[in-house]
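A single chain comes next, written as structure tokens; it is the form predicted alone.
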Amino acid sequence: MNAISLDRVTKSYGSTVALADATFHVASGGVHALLGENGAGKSTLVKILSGIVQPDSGTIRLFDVEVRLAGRSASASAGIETAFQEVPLVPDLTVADNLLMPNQPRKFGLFLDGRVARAQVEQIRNDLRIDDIDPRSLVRELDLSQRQKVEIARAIARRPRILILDEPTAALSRSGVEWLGDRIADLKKQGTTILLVTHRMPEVHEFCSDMSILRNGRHVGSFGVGAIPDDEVFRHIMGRSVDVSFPPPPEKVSRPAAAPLIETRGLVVGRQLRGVDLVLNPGEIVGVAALQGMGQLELFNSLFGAERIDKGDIFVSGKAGHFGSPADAIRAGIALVPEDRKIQGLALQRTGIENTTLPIVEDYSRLGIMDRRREAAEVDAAFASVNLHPRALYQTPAEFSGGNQQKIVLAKWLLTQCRALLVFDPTRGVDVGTKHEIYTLLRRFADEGGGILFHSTELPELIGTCDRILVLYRGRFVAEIPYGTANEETIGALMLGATNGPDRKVA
């Protein structure tokens, strides 16, 4: 029996066709991967199955019964729960409140039954092994990985027949991915059908038995996992052969002596950073490898003026930097591609032009009058430099895929002509083709004399992209690894606190 059967499902937004006659099946009780580049129609399909969006035509059958999913409640009643990539939790409520919404136990149908609610939350924590997250914490106090874990736990706790996981590991830490693997194994034993939307082929091989591929809104094929090689999978996804290698670092060239773009001495931030010395030179990409919570977020935020420094000094091109706010950092030529692009990097309901000129909007104003023609022309050029369609000028980021949203964030900072770019997990939730574009863009930025501080949760990115990698452990850099001298195992061991490595010299 098929848990999900789609027959010629179509959805358009004006002239944009998001899904075009999509037809494929998901077998009951298995883990089925849904693959495709950003903009291929995956998110639209997830929203249709979740009852958020209604298809223009086509039929949907669940367990051989035709259904009309007219809203979220209809989808839930049909046995579908979705853990969304963008984590739609309520930030000002507690973890416990979010886990139980919208079905909190009530006394007399009016008042929250606190005793029963606490018991239910404790049962969820025990069953799903999330005892590392305090249920009394406000969601806004959690980091992105913890929020994603709560979102997944909330969906599983409702005991669905069909669970949709939308890029679940994009925001999870390494330990969080292991936790998810255990939950998937448990659900398979219970006969739950899982539709896993992902860009990461290792996860497909580890978790899934079958996969379906969308391209330009159309279903281009379904295969057993392992039935075709990964390079053929990529060709189906992209419609062309994809070079998944990293752009090589440039040959060493002699540059005129110049002060470091960014230098820190004894940087201390709260309990997370404990005396960090860092040098970022023109023309280089410096990686930061660290497990979750080792101080990397505080490092990036403090360099961008978004977190108060308790002790130490920052120098920008040889001059002392005093950052009371991100505006100070921007004026000093520092930019940040943040961890969560939708919350921290973009105003989703404003146009691409408005988002891109936001940091320097005063540059386009004279005597209070905006030069809209010049603004549009310069944003258009910035979009062209990141291979973004001109329609992004007047559409909102909410209308675009994750990869194109990230391109808007990058274009915004390129327009400021920043010299130091701090990028925090920039390819999270991005397809393989867009990833390669981002790697190439970062290398070009460095080749032109900029400097990049690059944190990624994917070690192959750091190994393949960075001129050198600094390993951060418990708030200190413990090793510096030059390009071409280390592998994932070596860096992983250092991230866990190993005391030996290929080169323990630090910046």
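When you see a residue number, it is the position in the sequence shown, counting from 1. Quantities reported herein were computed from a predicted structural model and do not represent experimental measurements.
One more form of this protein should be noted, the form predicted together with a small molecule, which is absent from this view; the next part is about it.
Here the chain stands alone, but in the predicted bound form its contact with the small molecule, taken as any heavy atom within 4.5 Å, falls in 36 to 44 among 36 to 44, 59 to 67, 436 to 444, 475 to 483.
Though the partner is left out of this view, S137 does not reach within 4.5 Å of the small molecule in the predicted bound form, counting heavy atoms only.
At a distance threshold of 4.5 angstroms between non-hydrogen atoms, T16 is in contact with the small molecule in the predicted bound form. Mapping the unseen interface onto this chain, E167 counts among the residues with a heavy atom inside 4.5 Å of the small molecule in the predicted bound form. Among residues of the shown chain, E206 is not one whose heavy atoms approach the small molecule to within 4.5 Å in the predicted bound form. Checked against the small molecule in the predicted bound form, the candidates R218, R118, R235, R391 yield a single residue with a heavy atom inside 4.5 Å, and that residue is R391. Of the listed positions (G333, G403, P359, P338), a single one reaches within 4.5 angstroms of the small molecule by any non-hydrogen atom in the predicted bound form, namely G403.
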